[in-house]
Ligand SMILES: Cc1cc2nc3c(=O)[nH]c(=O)nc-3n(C[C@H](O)[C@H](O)[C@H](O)COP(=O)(O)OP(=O)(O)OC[C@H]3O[C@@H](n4cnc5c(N)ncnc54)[C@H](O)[C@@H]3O)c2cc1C
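In the form predicted alone, a lone chain appears below as structure tokens.
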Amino acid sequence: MPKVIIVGAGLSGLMTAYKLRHSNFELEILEARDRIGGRIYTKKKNSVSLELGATWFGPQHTKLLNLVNELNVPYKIQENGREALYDFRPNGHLERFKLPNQQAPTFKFKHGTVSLLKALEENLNTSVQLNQVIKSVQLGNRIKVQTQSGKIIEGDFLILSIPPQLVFDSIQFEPELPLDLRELVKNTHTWMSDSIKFSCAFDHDFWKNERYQGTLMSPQQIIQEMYDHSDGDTHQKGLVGFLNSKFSNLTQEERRAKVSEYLKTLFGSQASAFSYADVDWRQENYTIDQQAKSLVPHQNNGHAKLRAPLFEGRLFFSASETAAQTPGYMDGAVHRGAEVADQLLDFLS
């Protein structure tokens, strides 16, 4: 029975494993983090769910929606209200603007994006091995993957579902992969690597009224984008969004203090008590190397060379950035994960 090694238990890697679950392949899934999901991250804190990674999707994301419906993962429409706050301070004023009528809905998962990952994992016939950091890959008659702890895993096929930029910054290959591919990968933007995502939960959704639901845009304040993230089913009241990257030098606790101070300028003292978490994805381990260059968003995402099988069809890149359809998004991860699985299934036929 041929063996497939999948490196990375994010959406793409788990999608490949899901599609191969009834095949004649032996599967082994290795994940560097102590959790599944990769850049999908729903953190539990004080009995609330704080969304810190991929969150939203839409009706145009057909591959993702097909999977969500197949697995019966509940989702809901994102409510943005009829008005948004635009904070131009200190160079302007705090103003309200009417939002245009939404032409197409935006969706989010009722129980956090991680619920999709858990549904996939529950349907696999193999378990994910956590805390397995890959050090090197030897390409020979058998593919040998060595972890930092010295463990060696051998297989016939290798799927690297981690961000392309991370592959060559953290894994040694023997023999080395082609120079043109290495240059391409170094110049392929890593989705989320420029973001600081924050999430907070309150006892009351005091920000809401018939017109306003929590939508905020600000070019200069610590919060650059903010949206309502409440859930009527669980009675959770929350806000989620992105912080200004110039605050990346602060600790999470320092950012929390500044977020609290800023929210109080908008909503008063009732905004002072909340559960909070954020993730600076450039500083997050196993997302992007600290020395990786900053790139234009989505640069080289979907490039055809990133999808070409290597080493006589035994080595694949499968992160969302490599997808031909919606690269860099959850839909792209599902699309590419399924595509790689189909290529492997063709090998058996």
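In this text, all values refer to a predicted model and were calculated from it rather than measured experimentally. We number the residues from 1 along the sequence you see.
The same protein also has a form predicted together with this ligand, omitted here; what follows describes it.
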| message | Looking at heavy atoms inside 4.5 Å, which stretch does this ligand contact in the predicted bound form, given the options 88 to 96, 201 to 209, 217 to 225, 166 to 174? | response | 166 to 174
| request: Identify whether this ligand in the predicted bound form is within 4.5 Å of every residue in the set T42, L116 and S127, based on non-hydrogen atoms. | output: no
| query | Using heavy atoms and a 4.5 Å limit, would one call F247 a contact residue for this ligand in the predicted bound form? | reply | no
| Does this ligand come within 4.5 Å of any heavy atom of L239 in the predicted bound form? | no
| Partner contact for W56 in the predicted bound form: this ligand, 4.5 angstroms, heavy atom | yes
| message | Taking any heavy atom pair closer than or equal to 4.5 Å as contact, tell me whether K197 reaches this ligand in the predicted bound form. | response | yes
| query | So which bits of 5 to 42 sit within 4.5 Å of this ligand in the predicted bound form, heavy atoms only? | reply | V7, G8, A9, G10, L11, S12, G13, L30, E31, A32, R33, G37, G38, R39, I40
